[in-house]
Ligand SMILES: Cc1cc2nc3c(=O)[nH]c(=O)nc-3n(C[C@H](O)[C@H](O)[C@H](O)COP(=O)(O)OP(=O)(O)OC[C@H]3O[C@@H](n4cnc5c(N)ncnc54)[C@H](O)[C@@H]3O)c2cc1C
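We begin with a single chain expressed as structure tokens, specifically the form predicted alone.
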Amino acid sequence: MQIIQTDLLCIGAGLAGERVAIEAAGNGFSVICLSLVPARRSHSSAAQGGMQAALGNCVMGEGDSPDVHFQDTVKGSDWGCDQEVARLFVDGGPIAMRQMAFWGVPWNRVVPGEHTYYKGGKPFTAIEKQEKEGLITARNFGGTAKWRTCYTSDGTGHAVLYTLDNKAAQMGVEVHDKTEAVALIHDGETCMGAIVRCLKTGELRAYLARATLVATGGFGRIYRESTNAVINDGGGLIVALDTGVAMLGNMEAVQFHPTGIVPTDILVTEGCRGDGGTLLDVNEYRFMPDYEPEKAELASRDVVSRRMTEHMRKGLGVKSAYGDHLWLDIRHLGEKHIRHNLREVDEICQSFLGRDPLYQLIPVRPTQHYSMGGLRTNKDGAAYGLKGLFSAGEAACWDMHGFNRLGGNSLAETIVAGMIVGGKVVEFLAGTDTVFKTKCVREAFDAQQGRIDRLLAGQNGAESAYAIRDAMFDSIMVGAGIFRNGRDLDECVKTLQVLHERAGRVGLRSDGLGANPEQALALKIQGMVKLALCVAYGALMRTESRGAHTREDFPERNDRDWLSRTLATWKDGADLPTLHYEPATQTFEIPPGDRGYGGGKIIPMQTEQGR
């Protein structure tokens, strides 16, 4: 057994993982980041639109502050977030954005003078002030009172990830790519690292660490139609869930983005609508103001996705061989804006659709995009259940997003949470020693090696991992999509329970040697079905509608009974997660109220006088 030891093991080398790694390395600790792909190919690089931070530099952002950002974030979460964490996030945002600029991120800057911007397809004029010249500027995003999304054209994730990766290299952070964590090493109380599989040779290694961070991003690839990269299959959450003690939070809270292109489901940024793009139906009629007169296309993502789906259900979608879709129109933004500020969108449309967005409409539909749920942590990023285990970014339920996150808040979260959680990891490493128990290491290694050996020997069974995955896709897309109901969810849960049992009997058609994608899926498919069950079962039990969780049979947001966070654990031998609940927040800076968009009835929280 090859054993590698480090102070901090980051499972994931995207923005959150590398930001935590930089904090630890900068304080003198050894750090190793594991990555399925080279670090700069992490899915963070695909983020286009920008990062929210209340800088208030541009004229349309004047009067912005962390307080206004906080209000937008809490309303966007549909009062499902931890307000203490949301406060930490909005206060840290301006600091983090300026730090990224200092490290080399080429943010778009304020250019003084008269500028044209678009709202609802119509041109308006804004005059940027001379004294603001050169400061970080912002664009408009959905669900916000002010323009506060810092951006680098429409390649923000790419620019920030490359900057962070350079910084990590300067700080001596090691990145071990083409590796995958297949199990956490623990004794039921303390995490001691991970068993890791080399994707080139198939060999296992043991990584021992005093602190372990899960920063593997989202789990969108349990859905067929997703903007997520193929590597976003929930691997970090699977190994945490398999411990039996770590908890996943709010797994039923799954966000669909309004503008995935058809048929590939590649995302085109919310910046298209923030910069003035409009949504059109089969008659090329702009329909969103009919549903949301004030916010229109810039209501929160959960609301826009629902309104688009409602409109298509009325028969007003565009028919295609790939199902109904709607149109995104950015033609009026002009050549300079499209070719410069939306250049990645331009390239995506021309390369994958053969359409020029300067002259042609873009076919779009709501597509699974983001997971508000993840490995439940406290405000310090420490995971529930296991000492020494931390999480940050989309893999974590740090819970500033609640049941819906605003565009630009997740990309900012990777950096802000990375900065905050990284500091707490440093405190942990400075004040804690870990005893590495050889029995735990050996047992974890032998369990995973035995699992692989049985699979290669054909001792498990003959079920196809691909067939099970396709059946999971079919089930969860119907049961736990944009709109949900008890009947479909119940059927989805039952189907997934059967698939969970079948996934324990997976065999290989190939020999399984070397870099083998079939073997990788076969080892992970039961864990993916577990994640799907956490989503579907959590959604079935939550008898209300909140944010991205929309129950057609329970349309009210129920603050009386459901102002809570779902926690899921998985007991050995079970075919369903065990669910627990905790208060969504311990403190209310802003008491529950109306979001101001999206409609719907609210069952109010009971007060002492109302009992």
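For every residue, the number given is its place in the sequence shown, counted from 1. These figures come from a predicted structure and were not determined experimentally.
Keep in mind that the form predicted together with the ligand is not shown, yet the notes after this line are about it.
Asker: From the list T190, N341, T243, T179, which entry has a heavy atom within 4.5 Å of the ligand in the predicted complex?
Answerer: Flagged contact: T179.
Asker: Counting non-hydrogen atoms within 4.5 angstroms of the ligand in the predicted complex, say which of P258, G381, G402, G217 makes the cut.
Answerer: The residue in contact is G217.
Asker: Are I11, T227 and E394 jointly within 4.5 Å of the ligand in the predicted complex, each by at least one heavy atom?
Answerer: So, yes: the whole triplet contacts the ligand.
Asker: With heavy atoms only and a cut-off of 4.5 Å, decide whether A46 touches the ligand in the predicted complex.
Answerer: A46: yes, in contact with the ligand in the predicted complex.
Asker: Tell me, yes or no, whether I32 is in contact with the ligand in the predicted complex, where a contact means a heavy atom of each within 4.5 Å.
Answerer: It does not: once the ligand is placed as it appears in the predicted complex, I32 has no heavy atom within 4.5 Å of it.
Asker: Is there a heavy atom of A548 lying 4.5 Å or less from a heavy atom of the ligand in the predicted complex?
Answerer: No, A548 sits far enough from the ligand in the predicted complex that none of its heavy atoms falls within 4.5 Å.
Asker: Tell me, yes or no, whether V20 is in contact with the ligand in the predicted complex, where a contact means a heavy atom of each within 4.5 Å.
Answerer: Looking in the predicted complex, residue contacts with the ligand do not include V20, since no heavy atom lies within 4.5 Å.
Asker: Specify the contacting stretch among 358 to 366, 408 to 416, 324 to 332, 496 to 504, defined as having any heavy atom within 4.5 Å of the ligand in the predicted complex.
Answerer: Single hit among the candidates: 408 to 416.
Asker: Of 132 to 153, which residues get within 4.5 Å of the ligand in the predicted complex if you count heavy atoms?
Answerer: Going through 132 to 153 in order - heavy atoms within 4.5 Å of the ligand in the predicted complex - there is one hit, F141.
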